[in-house]
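One chain is shown next in structure tokens, namely the form predicted on its own.
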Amino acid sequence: MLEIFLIGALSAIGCGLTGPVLLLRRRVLLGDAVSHSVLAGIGIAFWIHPVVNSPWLRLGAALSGCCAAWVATKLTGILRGRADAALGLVFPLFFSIGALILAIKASNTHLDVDQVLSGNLESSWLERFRLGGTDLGPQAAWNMLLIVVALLAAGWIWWRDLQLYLFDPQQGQILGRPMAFLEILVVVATTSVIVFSFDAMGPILLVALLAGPGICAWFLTSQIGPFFLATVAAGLLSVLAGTGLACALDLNIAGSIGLAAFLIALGTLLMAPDHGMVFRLLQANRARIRFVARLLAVHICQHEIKGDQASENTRVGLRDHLKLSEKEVAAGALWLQARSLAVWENQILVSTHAGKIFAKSLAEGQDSTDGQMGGEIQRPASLM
């Protein structure tokens, strides 16, 4: 199980280094397209050289994935920027070609469509890497370690150019930076991660690891460096939780990791401290209470000036005159009380001296509490 976790962890790191690029460029479906398109390369390579464990299958898969990405890019231009339509045409074509070839040429082997798509993480440790008769561990782990090292090296070399590619490629072109090269590099990196992991993890699980951890990072950070780190951490947590769940309940490991990735992404979507749905609901509720409180502050001051506060500034009067619920009146009044802007006296809401100043500032189009009591955290416009 330790070796299986190691293979899954290295695959998650590989996905964590490429997934953020696809997410920020709004090209996550490219990973899905490539993962299905490699089947055509596998089928053609097996047709030419019918050996299941042949390295030609991996080479054919890589070429097929890159070819599919190139065709999709060209079709996107022809379809005037409709990348979704281009991917919808390309990857079913490549997948169908591969499925037909395998059905015809590989029907008597364990190499079939289900095995290629779902992977076989449980048996991935059986193929060993031996050097001079010494067993150095699973071959799949060494394959992914090689890819991870290559991705880290590429990121270190082209880090500044990568930031331009992600956020302002037009400016990068004006400055003469290699934006076209980085486009090719992203496709090659994505294809490499998928190809070197598909026999263990399966392309479908890899797509989950390309998308899910990146979504977690999107809600947790607004800086590009921590964004990559958070994506890798979420991917490792998905593998750890999924592997543990599979061991505890005797479940399929790949399916458990995929489920864990979804649940972690869902939990982040709901509970992220600054941008999660729960935070936004609480933020909207606080905004509603502030609005009601300001409305109450102006109302009670106006009727204190008129002298009819005894009928208008009671709970019932505030509710009926302002068309508010009793809960809203209570929450707004509590907001004013907490800031010493109003108090209840004999069931009448009375403004304090500070409350009168506050109501006057609201009437003049100002708010003396902004930036002090009611400020909200706003997310930066970009991850730069």
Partner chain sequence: MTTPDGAVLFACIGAGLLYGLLGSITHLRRQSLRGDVLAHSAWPGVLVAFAITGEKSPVVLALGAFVFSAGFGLVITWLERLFPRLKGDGAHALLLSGSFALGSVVWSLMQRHMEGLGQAGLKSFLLGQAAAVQWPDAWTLLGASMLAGLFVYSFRRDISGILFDRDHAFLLGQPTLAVEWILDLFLALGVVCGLQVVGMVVLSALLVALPLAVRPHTKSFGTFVLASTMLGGAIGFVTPWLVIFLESSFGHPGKGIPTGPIFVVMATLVAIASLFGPRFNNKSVATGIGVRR
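Residue numbers count along the first chain shown, from 1. Here the rigid core means the biggest group of C-alpha atoms that line up within 1.5 Å when the two forms are laid on top of each other. Because the structure is a prediction, the values reported are computed rather than measured.
Just so you know, the form predicted in complex with its partner chain exists too; it's not on screen, but the next bit is about it.
In the predicted bound form, its partner chain sits within 4.5 Å of a heavy atom belonging to residue 262. Interface residue remark: residue 194 is not counted as part of the site for its partner chain in the predicted bound form, having no heavy atom within 4.5 Å.
When its partner chain is considered in the predicted bound form, residue 353 lies well away from it, no heavy atom lying within 4.5 Å. Its partner chain is not drawn, but in the predicted bound form it has no heavy atom within 4.5 Å of residue 177.
Comparing 135-143, 294-302, 262-270, 155-163 against its partner chain in the predicted bound form, the single stretch with non-hydrogen atoms within 4.5 angstroms of it is 262-270. Annotation: in the predicted bound form, residues 48, 185 and 189 none come within 4.5 Å of its partner chain through any heavy atom. Contact annotation: of the candidates 244, 88, 226, 169, the single residue with a non-hydrogen atom within 4.5 angstroms of its partner chain in the predicted bound form is 88. Of the listed positions (334, 67, 28, 59), a single one reaches within 4.5 angstroms of its partner chain by any non-hydrogen atom in the predicted bound form, namely 28.
Contacts of stretch 206-242 with its partner chain in the predicted bound form, defined by any heavy atom lying within 4.5 Å, are made by 207, 208, 211, 212, 215, 218, 219, 221, 222, listed in sequence order. Superposed on the core, the two forms differ at residue 74: its CA moves 2 Å or more between this form and the one not shown. The Cα position of residue 46 differs by 2 Å or more between this form and the one not shown after fitting on the rigid core. Note: residue 74-residue 155 Cα separation is 3 Å or more shorter in the predicted bound form than here. Relative to this conformation, an increase of 3 Å or more in the Cα-Cα distance between residue 99 and residue 254 is found in the predicted bound form.
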